[in-house]
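First, one chain by itself in structure tokens, the form predicted on its own.
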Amino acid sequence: MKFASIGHLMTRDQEKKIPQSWLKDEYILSPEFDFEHTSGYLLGLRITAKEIMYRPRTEMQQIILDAAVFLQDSFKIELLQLGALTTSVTEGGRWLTMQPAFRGFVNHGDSYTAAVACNVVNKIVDKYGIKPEESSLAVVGGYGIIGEAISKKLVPLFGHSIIVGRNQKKLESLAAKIPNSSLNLTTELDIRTADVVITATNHPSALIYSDHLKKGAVVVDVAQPPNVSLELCHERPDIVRVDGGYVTIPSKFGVSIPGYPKGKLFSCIAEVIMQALERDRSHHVGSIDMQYMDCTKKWAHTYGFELRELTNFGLTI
């Protein structure tokens, strides 16, 4: 199976770091990358995160569908991964699966991303000597696609948890799926008591500020665009921000992708590569199937994608 990943610019300045040969009229398009028994492309919409959030949803959906059909017709793409905000504007990818013009399979890549984020927390617990049963966890964007899976996995391990979201009913619905846990549900960004914070929102810019965080808090930033800015890391050297989404590309593939930290790749893209290698002809959209999430971890072990070290904006901590 041939795959492709559709993403978008985080900021307009990001274009300056992209090879000129990738810049097309309406798209940013990579050369074909080979991963042994599969190959694929990275396609970026030349639209920023903020622009996506403020454009009409129907307009953005059509732009994404047009890109999907372009990849299908021009490069015989059978499997498509939706990156960053392209997932949220297509209803977790479900909308795209219902469009007859695109005949392939769709994966939002969030299953392996959630699995990696949980692994990041496990490494943090070991590295900083945190005792989860005596600590407080906050999940910002707790009922989103990634946040829900993370909450189900990690909330039961912590002594107390705070789940943040904008819709009280959705928070209560999620809480009903996490029995026997000490939970605080809130529509306010009140996470000042949390020892470990996980952010997994679709907010188009930094969301977490200094007064949101307690001294010494550890923040796992899964969101793309990031919810925690580099400026905040400089302002608050007592906090630790950790990337929630990078994994190491197996050396056997011999692939280096411009724009990513050396030897790294977003876990969502790793997931679609692994699905293509497995020739899994299925949609993986909407809420995460927890069994499939565990399956992505097994695939990662098979193919050599792994979380080797903790990083902050790609730099080893």
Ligand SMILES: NC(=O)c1ccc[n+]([C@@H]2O[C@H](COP(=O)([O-])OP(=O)(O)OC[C@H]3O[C@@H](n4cnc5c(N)ncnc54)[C@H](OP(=O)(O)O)[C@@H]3O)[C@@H](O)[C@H]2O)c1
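Because the structure is predicted, anything quoted here is derived from the model rather than measured. Residue indices: 1-based, along the sequence shown.
Missing here is the form predicted in complex with the ligand; even so, the following discussion is about that form.
Proximity to the ligand in the predicted bound form, defined as a heavy atom within 4.5 Å, singles out one entry of 166, 76, 103, 131, which is 166. With the partner omitted here, the residue from 115, 137, 80, 200 that has a non-hydrogen atom within 4.5 angstroms of the ligand in the predicted bound form is 200.
Using a 4.5 Å cut-off to the ligand in the predicted bound form, not one of 151, 155 and 181 places a heavy atom inside that distance. Interface residue remark: residue 41 is not counted as part of the site for the ligand in the predicted bound form, having no heavy atom within 4.5 Å. Residue 87 belongs to the set of residues with a heavy atom inside 4.5 Å of the ligand in the predicted bound form. Contact check for residue 223: a heavy atom falls within 4.5 Å of the ligand in the predicted bound form.
At the 4.5 Å threshold, heavy atoms of residue 219 stay clear of the ligand in the predicted bound form, well away from it. Considering the ligand in the predicted bound form, the lone stretch of 229-237, 203-211, 68-76, 123-131 in range is 203-211 [heavy atom distance within 4.5 Å]. Taking the ligand as it sits in the predicted bound form, the stretch 280-306 never comes within 4.5 angstroms of it through any non-hydrogen atom.
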